[in-house]
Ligand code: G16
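First comes one chain, alone, set out as structure tokens in the form predicted on its own.
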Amino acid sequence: MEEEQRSLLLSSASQFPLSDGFKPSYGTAGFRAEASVLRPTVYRVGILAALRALKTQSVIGLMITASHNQVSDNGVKVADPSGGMLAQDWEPFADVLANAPTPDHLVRLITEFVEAETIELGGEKKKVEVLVGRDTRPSGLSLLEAAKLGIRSIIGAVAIDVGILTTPQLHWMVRASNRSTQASEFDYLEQLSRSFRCLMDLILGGAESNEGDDKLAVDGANGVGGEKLLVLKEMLNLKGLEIEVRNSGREGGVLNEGVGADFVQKEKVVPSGFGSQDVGMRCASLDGDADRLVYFTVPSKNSSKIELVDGDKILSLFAVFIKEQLSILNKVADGNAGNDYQCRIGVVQTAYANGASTDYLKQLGLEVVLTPTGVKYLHEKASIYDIGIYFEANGHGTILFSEPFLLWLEAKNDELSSVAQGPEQRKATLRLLAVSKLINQAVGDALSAILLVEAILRHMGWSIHKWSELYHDLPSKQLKVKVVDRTAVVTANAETEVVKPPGIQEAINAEIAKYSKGRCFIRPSGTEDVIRVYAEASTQDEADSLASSVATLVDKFLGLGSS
């Protein structure tokens, strides 16, 4: 490392001494903690992002957000050139960098890492850019300055402040930048609105309403998503669909407090700003940074409970629609197969997906695979298909289209536009192309997903009630058990089976066998010494009982008194 670079790092690092007792760890959500302790971490992630940009010679993203966490928290994560999450093999370096105790130690780590990764420092190549975004948290501005200083501490890296954005907007902008297409926030909003209008023009029931219900009420979690949805709503300027945004943050509500997708999905109660006036209406809820989406209805005036339509149901709706379009493409006028491209479609879930949803998708004839918990695993698995659909029950997910399949669709559209036959085939082709542009293929995106849900419901002629009736969730229960050492549990088969300690999986199997439609698995938490227990059965009492009995087993094998 040249002396100029070394001096720059030592000088900037000295401004960010580590917070006592705080040992950050980079997970699926990056680093996340109480905002007051995060400045040194965000500064170091700025360095990380700059090094990643130099390594890849691409635009990298840095997002300052704590998503669905309380407003006093904040966090930071890196978006890779694809718009996806930071490459997993860089996560260990992120951890050691964030925990380096002194500026000298920090510089030594960076020196060793750039040599191992053959990263050229010194700025001799063209300058690389890191796009820096943040959500609406008050702490964001201070953390933004720390991130910029970290980025600028690496010679040849430039910090581009792209302002207040949803997390998916930043990921989209990084992806678009590296594909040499227009990549501003306006371009994102324009692409969504244009693709949505195109899809609405192509749907079968375009002139019909969803059983007379054209209104959608959206809970914006008092976060950035509510603000951006208001802007998007103006750009859509659609007749026949009225979007009412509540909890936009303009009314003075507190971010994620009694509102938002995480609150609605976990608590299954009416969020603030909703109530008896909304009985039977189609409602949706975003989380704090707008990468999660769930739908719900208020069933009665006298209850605070909701009927939840979660990520599993959103996935099922998307799968039904896409399967229908592919079926149309497979037909021609004389009834013979007309598809010369064997599209491989896959649905990706985790073990937390309700068993009823998995059964429903398999009954549709779809290939369903499980991955370990975490969006990075779901996204990676979905990318192996021509069309890969993934969603977690919490409402985070998207659809991925392979480049070869999109090229084939474009060619198919050109072919069909020149012949009189196959108008429905051409419409199906155009619908799939519109979906590929409407959905955010970089990451789960509540704004793009909400528009796709609305278009498909209109196409199917379904109310939210009919959608919700696709299948009925099996009753489930989640518990957690404090243990001495969570790493004592080692799992396999997408976290559905315990490999270590010996004997516990056999004991769990014996408990499962006692219950109708019983299913149960355990997995270690990624952040604390607890083991999470998930159970399903044919009744709520049985699910509760199964979860309780397995929690007792975990305590016996691994609990605080087990030693």
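Numbers follow the displayed sequence, beginning with 1. These numbers were taken from a predicted model, which means no experiment stands behind them. We call the rigid core whatever largest set of C-alpha positions still superposes within 1.5 Å between the two forms.
One more form of this protein exists, namely the form predicted in complex with this ligand; it is left out here, but the text below deals with it.
K.L.:
Decide open versus blocked for this chain after superposing the C-alphas round the site and placing this ligand the way it sits in the model of the complex; the blocked call needs 3+ ligand atoms within 2.4 Å of backbone or C-beta.
P.N.:
Check passed, pocket reads open.
K.L.:
May I ask you to state whether D386 is within 4.5 Å of this ligand in the model of the complex, using heavy atom distances?
P.N.:
Flag for D386 set to no.
K.L.:
Indicate whether T136 is a 4.5 Å heavy atom neighbour of this ligand in the model of the complex.
P.N.:
Contact with this ligand, no.
K.L.:
Please check if I47 has a heavy atom lying within 4.5 Å of any heavy atom of this ligand in the model of the complex.
P.N.:
Result no; I47 lies far from this ligand in the model of the complex.
K.L.:
Taking heavy atoms and a 4.5 Å cut-off, does G526 contact this ligand in the model of the complex?
P.N.:
Within the cut-off, so yes.
K.L.:
Out of 22-30, 501-509, 53-61, 38-46, where are the residues with a heavy atom within 4.5 Å of this ligand in the model of the complex?
P.N.:
The contacting stretch here is 22-30.
K.L.:
Could you spot which one of N99, S436, S82, T373 gets a heavy atom to within 4.5 Å of this ligand in the model of the complex?
P.N.:
Here the answer is residue option T373.
K.L.:
Looking at K77, K148, K477, K381 here, can you tell me which has any non-hydrogen atom within 4.5 angstroms of this ligand in the model of the complex?
P.N.:
Selected residue: K77.
K.L.:
What residues in 48-76 sit within 4.5 Å of this ligand in the model of the complex, counting heavy atoms only?
P.N.:
S67, H68 sit within 4.5 Å of the partner.
K.L.:
Superposing on the rigid core, does the Cα of A33 end up 2 Å or more away between the shown form and the other one?
P.N.:
A33: C-alpha displaced by less than 2 Å between the shown form and the other one.
K.L.:
State yes or no: after fitting on the rigid core, is the Cα displacement of I531 between the shown form and the other one at least 2 Å?
P.N.:
Yes; I531 is a residue whose C-alpha shifts (by 2 Å or more) between the shown form and the other one when the cores are overlaid.
K.L.:
Rigid core fitted, then: does A49 show a CA shift of 2 angstroms or greater between the shown form and the other one?
P.N.:
No, shifts by less than 2 Å.
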